[in-house]
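Below you'll find only one chain, the form predicted on its own, shown as structure tokens.
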């Protein structure tokens, strides 16, 4: 009798496991961080992160459901099972690793200072003038660490709000991830990058709940596959013209 019960329990466990694997993979992104993730005119969530997520899901033979989530709540909502993964250009930091796990990096990030071309703003002005950044990002960390006692750092809930204040002159410069800054500058004449891009050894990964080792391994395997078969390069060149890995 024990053997029959054990066999039945195993069969049920296998069935449940198979059902779980067949379920949609829910992936969160900010949908407010072009060109990595944003909503188009039709209200669809698009961008580099979205294309990468869909390519990884296709490689894993899973169906992706992309959902929008405000940045400040994106990690708590993952921990509370609102979705299964974060693909939102999230930097792998020691602080975040206390609450979530990350896959292998899927691209490298730099930051940059953006200011009006005729403002005369230089890197030395960071310690005395007003600079903005999106809160809870590596850009905001850099701004607060480098502003000094006389610097004025203003933090924003979204990148677009920070750019809006830069345009209106409410801040003198903005600290931004480099590639989004380059994308923004295409449509905003009169502004430019101050000096060179800043290498902060920033690696971007997919956020996962602690203990999701099988899912992490599946993502890492899929990432290696799309790097090998050219899918990653095609997506990267579509948005940036180069391989940003």
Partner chain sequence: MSVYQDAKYAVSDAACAALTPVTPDSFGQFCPRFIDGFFVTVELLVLSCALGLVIAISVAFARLSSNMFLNKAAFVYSYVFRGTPLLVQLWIMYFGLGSLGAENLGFLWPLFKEGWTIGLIVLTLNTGAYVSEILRGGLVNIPKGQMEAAVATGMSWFQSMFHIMLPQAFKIAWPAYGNEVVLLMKGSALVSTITVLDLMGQTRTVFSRSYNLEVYAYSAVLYLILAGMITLLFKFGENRMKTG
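Owing to the predicted nature of the structure, the values given are computational and were not obtained by experimental measurement. Take the two forms, superpose them, and find the largest set of C-alpha atoms that agree within 1.5 Å; that set is the rigid core. Numbering follows the first chain given and starts at 1.
Keep in mind that the form predicted in complex with its partner chain is not shown, yet the notes after this line are about it.
Quiz item: Among 147, 75, 92, 115, which has at least one heavy atom within 4.5 Å of its partner chain in the predicted bound form?
Solution: Filtering the options by heavy-atom distance leaves 75.
Quiz item: Would you say all of 99, 135 and 165 touch its partner chain in the predicted bound form, counting a heavy atom within 4.5 Å as a touch?
Solution: The answer is yes; 99, 135 and 165 each reach its partner chain.
Quiz item: In terms of non-hydrogen atoms within 4.5 angstroms, which of the given stretches 104-112, 81-89, 120-128, 150-158 touches its partner chain in the predicted bound form?
Solution: That would be stretch 150-158.
Quiz item: Looking at its partner chain in the predicted bound form, which residues in 208-228 have at least one heavy atom within 4.5 Å of it?
Solution: Heavy-atom contacts within 4.5 Å come from no residue here.
Quiz prompt | residue 105: Cα shift of 2 Å or greater between the shown form and the other one (core-aligned) | solution = The answer is no; the displacement is under 2 Å.
Quiz item: Rigid core fitted, is the C-alpha displacement of residue 149 between the shown form and the other one 2 Å or more?
Solution: Passes the 2 Å threshold, so yes.
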